[in-house]
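Consider the single chain below, provided in structure tokens and representing the form predicted alone.
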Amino acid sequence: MIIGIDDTDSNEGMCTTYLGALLLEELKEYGTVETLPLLVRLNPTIPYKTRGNASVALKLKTDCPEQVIAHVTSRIEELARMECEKTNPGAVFIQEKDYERLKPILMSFLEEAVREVIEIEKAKTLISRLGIASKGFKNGRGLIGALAACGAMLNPEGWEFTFEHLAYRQKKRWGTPRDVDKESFFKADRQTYPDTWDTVDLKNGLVVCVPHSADPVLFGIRGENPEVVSRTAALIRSEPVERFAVYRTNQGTDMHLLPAKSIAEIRDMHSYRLEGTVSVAPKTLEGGHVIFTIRDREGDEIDCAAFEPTKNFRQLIRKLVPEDQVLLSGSVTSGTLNIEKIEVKSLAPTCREENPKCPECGKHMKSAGRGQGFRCKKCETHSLSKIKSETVRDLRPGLYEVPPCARRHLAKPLVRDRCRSTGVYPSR
């Protein structure tokens, strides 16, 4: 059977992946775990998410499904942060006999959960119509993610995937500062990058794979295969690890992005790839956020933002000028596109006016007086007006991304595509 679970955590603690790691061990009493568990990131713009908007799925070979359902349900009741208004757990249980029947339906539901906005009633109606065993708590919003995770498990080759090794803290340490040797993360990164990524942020000197919230996660190592993430985790020096789990995941795949042919298609709470022309030059707002505007072929416009947490990425955005051609990736909230990546496709020519040069000596002429043009006193040459010259810009066409400290879970790092297509990865 396949078990999908979502929405057991809160902003103050707990983590659905931790419950998944517990169940990986506990469910061995009832059968055999058949494959790696799944960690599925859903639409990152949903306002009622807790932190990372992740659901999990497990696949178990068992002869006692009713006991499994009872055990999973009791553990959710025990560990989920029910006191939090945003925490509304859901669990879904799919029997092997239903795999083929539900496979296409739930794969479609997975894609919708990652890219669109799904109402709770849609998930409940689907569960009822398809006869799927489930358990919802409070308003049952977690049934959405639980169904989506099951869709991913039913279609193991139907979506791009990466892996994450998640290490968990001893329960007595939850809510206290994490005791980790930061230099060991930089050392591990040097040994395994680019097969692992987003362990550290070199330019900003930060360890980015260690959370700061009160949840059970000690650190998470992301990479291309299970072996490399576990090998990297073994290089980390830290407080004792209670347990760990290696998850297969859609993180770092850009699965959330929709193609947008025009700005008229753009909707809040969705993520897009959108091409356009810079129409209003970047400006820096109070707080350090950088905003500019692009227009499409129909003349429609949308504001685009590199917010303060994107750090040095904002320096690049400030170099854009009107008529630059760009392709943006990012999520839309309150009518503004939050940039995750940018491809500068072409640069607008920029010119400046300057005094003409003397054709004899090559030096710039001086003004000969108001309305009298310019002259070179040494060579006695004249010119009527200033000349325009194209300036060299401190920007090149190409692909650019926010730093690891600002990267969303689903955003694909450039290193993943460049390594596989050219064997070359970007400098950091």
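Not measured: the values here are computed from a predicted model. Residues carry their position along the shown sequence, with the first being 1.
Keep in mind that the form predicted together with adenosine-5'-triphosphate is not shown, yet the notes after this line are about it.
Q: Heavy atoms, 4.5 Å, adenosine-5'-triphosphate in the predicted complex: which of 370-378, 355-363, 385-393, 49-57 makes the cut? Say which one.
A: Only one stretch qualifies here: 49-57.
Q: Test of understanding: in the predicted complex, would residue 235 fall inside 4.5 Å of adenosine-5'-triphosphate by heavy atoms?
A: Contact with adenosine-5'-triphosphate, no.
Q: Should residue 135 be classed as touching adenosine-5'-triphosphate in the predicted complex when contacts are defined as heavy atoms within 4.5 Å?
A: It does not: once adenosine-5'-triphosphate is placed as it appears in the predicted complex, residue 135 has no heavy atom within 4.5 Å of it.
Q: Does residue 206 reach adenosine-5'-triphosphate in the predicted complex if we count a contact as any heavy atom within 4.5 Å?
A: No, residue 206 sits far enough from adenosine-5'-triphosphate in the predicted complex that none of its heavy atoms falls within 4.5 Å.
Q: According to a 4.5 angstroms non-hydrogen atom cut-off, is residue 308 in contact with adenosine-5'-triphosphate in the predicted complex?
A: It does not: once adenosine-5'-triphosphate is placed as it appears in the predicted complex, residue 308 has no heavy atom within 4.5 Å of it.
Q: Within 4.5 Å of adenosine-5'-triphosphate in the predicted complex - does that hold for a heavy atom of every one of 221, 223 and 252?
A: Verified in the predicted complex; spot residues all out of contact, no.
Q: Answer with one of 92, 166, 113, 152: the residue that has a non-hydrogen atom within 4.5 Å of adenosine-5'-triphosphate in the predicted complex.
A: Residue within 4.5 Å of the partner: 113.
Q: Using the arrangement in the predicted complex, list in sequence order the residues of 1-28 with any heavy atom within 4.5 angstroms of adenosine-5'-triphosphate.
A: Contacts from 1-28: 6, 7, 9, 16.
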